[in-house]
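Next up: just one chain, as structure tokens, the form predicted on its own.
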Amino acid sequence: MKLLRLMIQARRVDERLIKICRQGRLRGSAFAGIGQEAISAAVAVASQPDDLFAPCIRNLPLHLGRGETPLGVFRQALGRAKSPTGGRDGNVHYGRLDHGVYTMISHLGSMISVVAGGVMAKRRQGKDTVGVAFVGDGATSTGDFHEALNFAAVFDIPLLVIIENNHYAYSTPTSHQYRCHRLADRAVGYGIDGYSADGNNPAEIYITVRDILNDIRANPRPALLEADTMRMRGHGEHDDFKYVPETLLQVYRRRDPIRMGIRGMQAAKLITDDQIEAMELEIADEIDRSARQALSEEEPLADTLTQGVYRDA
């Protein structure tokens, strides 16, 4: 139920942000994770309080699952003074260290080494922390990805690197990026375990993530997980998405993670239609109240510009 709720909550927040963006009330663009919710929702549910995370731009369920609120998300996107960054930085480049979530520097593999170092520090403090870093298929072609994975392997850092393979690095298809059959096969080059899972099947991805995290927590070492999925919108709302074949999108529309989750729970008699309707109404009310409040709030004052930039002597 927690997994399903997180996916629906993230979907409704994204849909509202898209609407706000298209109304011209959002600076920049909106970057929705519609179609990919199951992966980071599974991580949020399967993790422990002391774990550390390096999310990317489509991992809203992780933020929500680690304690961020829809109100906080809307405030950040709108640059409000009460946002997690005080109205600074972009709508997706933020984190909450008190939630174990690092601020994203880049989605091109740069954050793997950051969370690896954080895990090393926590382990030296005697905690059984593990880390999770998210990357897209395009990031696996970068030097940061290689160097960080190699470092984690050499020093047996309990770090799970999840490749959210949505078949396009912005507009570049995977067929133009690499020749290996699976990106998980790259794990053998680092001497670590590689796994593949259906990123649109909430039960499968949750069980896979849970088991890997339990394993590397008990026997510290990194692992690589490739999750097959598809983003159902452009890279951002500024992207018309015409480079993706409609036939491919149709395949993944039939495998929508929220629908798959509901069907699975209904088949197992774990949820009723009335419970689904009640959950949807509760979430819709929360999203509406949060969006309205954030839209009504003030932006930061100009005289606060240097706050959080320089350390007081």
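In case it trips you up, residue 1 is the first one in the sequence shown, and so on. These figures come from a predicted structure and were not determined experimentally.
The following text describes the form predicted together with a further copy of the same chain, which does not appear among the structures shown.
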Check your understanding: Should Y206 be classed as touching a further copy of the same chain in the model of the complex when contacts are defined as heavy atoms within 4.5 Å?
Key -> no
Check your understanding: At the 4.5 Å heavy atom threshold, is Y178 in contact with a further copy of the same chain in the model of the complex?
Key -> yes
Exercise for review: Give a yes/no on whether D193 approaches a further copy of the same chain to within 4.5 Å in the model of the complex, heavy atoms considered.
Suggested key: no
Check your understanding: Quick one: is R233 in contact with a further copy of the same chain in the model of the complex, heavy atoms, 4.5 Å cut-off?
Key -> no
Review point. Counting only heavy atoms and a 4.5 Å cutoff, which of 181 to 189, 195 to 203, 209 to 217, 158 to 166 contacts a further copy of the same chain in the model of the complex?
Key: 181 to 189
Check your understanding: For 142 to 164: residues with a non-hydrogen atom within 4.5 angstroms of a further copy of the same chain in the model of the complex?
Key -> T142, G143, F145, H146, E147, N150, A153, V154, D156
